[in-house]
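Provided below as structure tokens are two forms of one protein chain, presented individually as structure 1 and structure 2.
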Structure 1
Amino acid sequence: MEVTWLHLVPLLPLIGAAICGLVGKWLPKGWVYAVALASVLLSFLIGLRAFIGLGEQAPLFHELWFNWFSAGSLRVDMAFSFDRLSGALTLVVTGVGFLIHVYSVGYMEEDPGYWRYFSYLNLFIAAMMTLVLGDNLVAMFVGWEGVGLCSYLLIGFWFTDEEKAYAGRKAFIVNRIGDFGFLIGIFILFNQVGTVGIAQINSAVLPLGVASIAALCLFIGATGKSAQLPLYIWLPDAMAGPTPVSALIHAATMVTAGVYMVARLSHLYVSAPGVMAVVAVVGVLTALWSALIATSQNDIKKVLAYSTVSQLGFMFIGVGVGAFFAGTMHLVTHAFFKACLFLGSGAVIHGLHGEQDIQRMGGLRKYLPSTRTTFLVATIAITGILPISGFFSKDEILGQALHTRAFSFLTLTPDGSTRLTWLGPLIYAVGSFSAFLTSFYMWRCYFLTFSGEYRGPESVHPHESPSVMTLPLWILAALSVIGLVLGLPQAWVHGTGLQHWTWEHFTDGVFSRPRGGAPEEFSPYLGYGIALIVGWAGWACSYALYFKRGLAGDELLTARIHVLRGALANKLYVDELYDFLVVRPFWALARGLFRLVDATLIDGLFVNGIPTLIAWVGAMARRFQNGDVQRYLAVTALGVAALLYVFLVRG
């Protein structure tokens, strides 16, 4: 259905950003808050109205806002489409975004750059909405790059700190490496399909090779944006930004853009099953890798950052095994509880006047009761020891991975002798182990922060945050609980009113089915059982180590696995490896080329060399030009004699 109001969703925050950014400095503080909050809230309300309006008659709202540019056969429109997937994402982004805006009012109270901050936040919402709603790849790319920009600006928000500025730059550049892949993907698809519209691409029939390469290139983009191996390195550093930003951008919304994109282009990925396997494998490896690193981090935000990377890995498992609904469902629930966790950590940091090291926390349940409770709820959600949202969505992913048929026709050899049927179960096993680690490190984080006795310096008096900050926490915690509805198994809710609210049912028809077909109906109970055991096991380990012992648990662990823990605490030296393998050689190459080719070869040898040669010849010739007229004459006479000889004697 063609509508005319869809562009307001990204436009309103954009206007808000412009107002805050251009004149916010001179406006009263309250006005800035009002503009920033109202624009996002309005976007949310428009999104909500549209969402309610979605029905059998109007499965899709579409708007052609304006023709952005067209040349030759390429036509790029600023056009938006609002279907169940993008609609739900709109609500999540603007809704969670609004809560985080509210929270930020308290968090950024004392920062003089608050107007700048709210401008960036609004800009981010605008860009994210463009990404989500964009109905063609280029419009999506606009949002894709826009959120990267906002991420850059907000990570480096406190730019006087060199390290934070560097973190922002690192995020932007790593993202750009991914964007490079995204661009190439767009090129391939345009070359093949002749358009950049997502709907057209999803309905096009592509040869396997083309589809695979295009899907792979786009997936490179996704690994950049969604912090997957090998491009995840920017996300932990991105924690340099203000904590609400970490919650909004680097946990709930922007980083899930890759998952969203893969889900959006489900048809393309389904027609490239090999790439699906790659997606799933990258996802599970990332989940494991970063879960391992997270176990040994002491910065509360770093723990959450690695946890985010790990959870994003789970989402990619979901979309990689063909269960797009599971991946996106985890996206939504993760937005709730991870935002809650980050905001909780923000409240802790705020309450401790900037302390981020969990070694100097402990016993905070007494001082920050609201924060503690909401953090607990969110921790339960992410670890999956009790059946709230995270449990269902994550388990859905793992269950789908175990039973997937997406790889059953993929073969390693031409004769088909080695089918990849073992890949799903393998992913399940590794994923479950990652889930165990998740439970372990999240509880470690919780225990070290809130249990035991306060270990910080005497001078710091922990205090609870104002209600403008705790209220969003409660709402998000509530959403984390309510979110379980999305993940209820079909068998439980079949025929009841709740069925409409389950994600699987809700998104029915939005995604393509993988080539191997959907998994047969499987009973979830075995999976639930294993998941519960895994979750409780993680809790138990953590409880045993940290609840009673506190920090001594870490020492105990370190004593057992000294080398591994050292490596993990140093993030497995990946940053150093990249620095050694990529960054340094690259800069060295640039400097070397400059000195060798530009300065020496082109400028030295040719540009300055030729005049030098001419000057040398001139200097040689000058020796004959000594000013003695008679010598000139003698030479002239010689010349005359020679000429006479030539013309008169020989001629």
Structure 2
Amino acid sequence: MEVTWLHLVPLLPLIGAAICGLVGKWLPKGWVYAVALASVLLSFLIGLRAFIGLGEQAPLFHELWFNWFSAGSLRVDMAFSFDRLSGALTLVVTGVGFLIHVYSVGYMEEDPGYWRYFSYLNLFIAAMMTLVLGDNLVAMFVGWEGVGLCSYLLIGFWFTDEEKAYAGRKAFIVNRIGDFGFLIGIFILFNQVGTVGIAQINSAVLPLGVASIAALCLFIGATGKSAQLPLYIWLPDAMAGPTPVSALIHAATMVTAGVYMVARLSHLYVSAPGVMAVVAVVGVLTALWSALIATSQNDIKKVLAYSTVSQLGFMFIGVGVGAFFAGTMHLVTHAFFKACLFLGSGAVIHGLHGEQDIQRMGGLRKYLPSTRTTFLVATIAITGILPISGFFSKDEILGQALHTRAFSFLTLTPDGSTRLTWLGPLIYAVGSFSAFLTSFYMWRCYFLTFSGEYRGPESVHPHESPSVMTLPLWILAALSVIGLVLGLPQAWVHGTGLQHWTWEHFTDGVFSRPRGGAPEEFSPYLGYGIALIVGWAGWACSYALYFKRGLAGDELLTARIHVLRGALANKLYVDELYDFLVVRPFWALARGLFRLVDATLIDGLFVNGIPTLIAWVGAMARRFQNGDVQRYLAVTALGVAALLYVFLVRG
């Protein structure tokens, strides 16, 4: 492949977005579909051709598209790098993105704004590919902000509904909070290194303080984009957009950007071990927090949304303990089964004419056989009751956390007597409990949706989706199974044809190792056994409560833990807390500033006050300039008399 083709990967979807957005309203619907799908498919094929060319002798393609700008010593090129990490993410984003485009043809068929929808979808892919392929932090930031803009457009796609428009604004604002930290991190690194090139930053020797502050600021940006505590609140509300949008944002693209960024800058993060501990702790707390909330949600898309937040927490555990390959492996496998789950939920909603409440579903296995089967495969993958993709990638993260050396030299006391060696095992324990909760709430969602008898209104007749929607489901379900190859232990595949297909082998040399070094070789069998027990325990609890009981399982559970269930159903009142502590004070401050500064000072004094004063002075002056000659003579006489008095009498 000619290296000069690399810029076409983001450029083709960008051209598709321009065509669909500018003239799509007047084009035949089939043409809009063809442009939108072909642009993403061609990007995938170009990325695939480049990926095949990544042999042992050519681990990297680099392309300088054009010099964007130079300011002093800062030179920013729109340049792209295609290596094993960015190459794999290119295939995931464009491949899964193409399947979502295909699915959208059926899902958005009746929507009058289909042309606008496909324009936004293409623009999203273009921005994400700029983020993934960007050779420097500024180019990455362009894509970073681009996906933020597109998420606002797609989440609030049905903007005539105030609730959906609010969700789009919420996502945009919360992401901007995190992005401020990302910008500060870029400024710090440029000031220290003198460049924004990722390769140069990864090879620079940075002081501990500088590396820590820069890594922490960049991670703040990741908490916003990848929905980690405390900036995760936008992602559950992002369900307001069309379901394919949820699959695109929550599975393979935007929310994984933070994980990708940390892995891409692995050298920076291993230079700041304290920040790596922060990343791992935030990840495990996010995984636990969102998994707890997911256990009591009844909106099928909200269950999957909180599941996404939880799985992102697992990814940050991986990169936080120094197992960058494990975190990014879960990123890839998660893209397959979570996209399948979201698109499956969309097929359920489509078949029930808009119903999203799992309490009003049930028995859909008879009406939606393809959706049910693919949803089942993806549920098995995420819960880990069988050793397929999600089982291996999630267990690898937990196993690496248990045996990590990344925290072995971090201390809590100046004399070094209290070391953080216990942090890894604690993360493993909390992460394993979160995995149990994952199995519980996902099987609850499955049983209440597909098992038992139909509980919806008699006027609604469930039906299977058209083949244009079910075909992507089958492909994603197959990838959810085949993805197990990525996580197979090296000992199992050594000397076989699968050896070069495992993710650990494939990414060997891509990431930096933590300062404590890689953990010693450990037997995975005990960890696999515990992971299977955890997964099956979650299934068993959910089966006992919901398989035959249906909604009675929720009633039984609520009777035992009424207060906790109520709090979890209300998302632990986090939105209300944010509203009380952040939103209302800022609104009060904004109203106060408006009344004092805008209305009183600017409008009252400068805009209205000074012109009013000038008008009054002018009105008074006009009284002496009214054209009455006799008055002029009288005033003149009085003036002369006053002058004579001053100079003659007083003088």
Partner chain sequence: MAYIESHLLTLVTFLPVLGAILIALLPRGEGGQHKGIAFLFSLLTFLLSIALWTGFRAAPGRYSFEQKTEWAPALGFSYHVGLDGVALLLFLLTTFLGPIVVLSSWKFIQERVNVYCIALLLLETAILGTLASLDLVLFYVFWEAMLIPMYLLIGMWGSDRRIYAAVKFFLFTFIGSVLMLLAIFWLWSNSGRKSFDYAELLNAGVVDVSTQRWLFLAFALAFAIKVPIWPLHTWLPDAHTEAPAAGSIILAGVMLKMGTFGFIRYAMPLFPQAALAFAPAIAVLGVIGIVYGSLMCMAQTDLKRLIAYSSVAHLGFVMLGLSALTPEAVSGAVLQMVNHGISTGALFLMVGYLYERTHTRDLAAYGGLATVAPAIAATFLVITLSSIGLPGTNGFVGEFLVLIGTFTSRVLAGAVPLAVIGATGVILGAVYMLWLYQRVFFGPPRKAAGHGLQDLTVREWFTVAPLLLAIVVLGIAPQPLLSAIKEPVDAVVQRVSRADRAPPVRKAEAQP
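Remember, it's a predicted structure, so these values are computed and weren't measured experimentally. Throughout, rigid core stands for the largest set of C-alpha atoms superposing within 1.5 Å between the two forms. By convention here, residues take numbers in order along the sequence of structure 1, the first being 1.
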Original post:
Which number goes with the form predicted together with its partner chain?
Top reply: 1
Original post:
Would the C-alpha of residue 620 be classed as shifted by 2 Å or more between the two structures after rigid-core alignment?
Top reply: yes
**OP:** Spell out whether the Cα of residue 585 moves at least 2 Å between the two structures when the two forms are superposed on their rigid core.
**Re:** no
**OP:** Please state the CA displacement of residue 638 between the two structures in angstrom, with both forms fitted on the core.
**Re:** 15.7
